[in-house]
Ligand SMILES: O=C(O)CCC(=O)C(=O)O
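Here's a solo chain for you in structure tokens, the form predicted alone.
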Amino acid sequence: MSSTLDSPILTAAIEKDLAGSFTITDEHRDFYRENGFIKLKQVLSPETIQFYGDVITDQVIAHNAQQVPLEERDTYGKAFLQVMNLWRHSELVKQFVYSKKLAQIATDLMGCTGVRLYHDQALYKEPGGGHTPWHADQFYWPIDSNNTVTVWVPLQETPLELGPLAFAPKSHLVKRHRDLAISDESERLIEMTVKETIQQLVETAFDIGEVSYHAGWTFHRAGANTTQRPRRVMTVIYFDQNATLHAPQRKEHENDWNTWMPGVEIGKLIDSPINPVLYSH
């Protein structure tokens, strides 16, 4: 399903960048496993970021279904424009989402033998867009593994006023509030837990080419975009290539099962046609 928007030419340098490798050290692995997230600099080149900033933005504009004015939306709606599985609409975006380098990093951080694609997700915080409430992504995922991770790729330099992602270190080990969808309630209750038990917040700017990886159960949020330009971000969610589907425990699980793992049976390997292995040792 290619898009007519795919007119830019992918250079050999960008292809090499996406297909390359990135050395994950023992220190990287230890930090990720202890804290549930990591930020890595110079993962992608400025050329790659600039190219895909334009390509992904065109796709977001083409496929965005949000028509309600910003001021009339609820907290979730004000947080970002959310457009998923753009790889199925654009061959150029598919090459980004299928990046061997990004998938290799995910595999090495988690220490598994390989990773599959769950889905991609463009997250654009509009000028004046609100905060993203505290939450843990894996609330939505009926995946029978804790080896799940999201790479968060800003498509521009991202200072604090644009609303970069912020993390609560070691929160992937906290069992409390794992039953909360992203909402005003999750913001209030998880904020209290972070202040009372974790007592730390990592909220720093992102340079060009810097990306973050956070585990499925890591609590994270983002501030408001107080500028007059959009905060453009592309994400890809990975999970252990050997993970299975667990029985849905909530309506959100049912939705994700039907949407992102069509045809997979409970207790069986998650290997639908839209969950390809992106990297394997």
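Residues carry their position along the shown sequence, with the first being 1. Bear in mind that the values here come from a model prediction, so they are computed numbers and not experimental data.
FYI, the form predicted in complex with this ligand isn't displayed, but the following is about it.
Only one of Gln104, Asn147, Thr150, Ser90 comes within 4.5 Å of this ligand in the predicted bound form through a heavy atom, and that residue is Thr150.
Only one of Glu210, Asp137, Asp120, Glu187 comes within 4.5 Å of this ligand in the predicted bound form through a heavy atom, and that residue is Asp137.
Screening 58 to 66, 220 to 228, 24 to 32, 39 to 47 for residues having heavy atoms within 4.5 Å of this ligand in the predicted bound form returns a single hit, 220 to 228. This ligand in the predicted bound form is not approached by Leu109, whose heavy atoms all lie more than 4.5 angstroms from it. Taking non-hydrogen atoms only, Leu165 approaches this ligand to within 4.5 angstroms in the predicted bound form. Taking the partner from the other structure, this ligand in the predicted bound form has no heavy atom within 4.5 Å of any heavy atom of Gln241. Contact check for Phe80: a heavy atom falls within 4.5 Å of this ligand in the predicted bound form.
By the 4.5 Å heavy atom rule, the three marked residues Arg116, His253 and Ser272 all fail to count as contacting this ligand in the predicted bound form. Residues of 114 to 132 placing a heavy atom within 4.5 Å of this ligand in the predicted bound form, in sequence order: Leu123, Lys125, Thr132.
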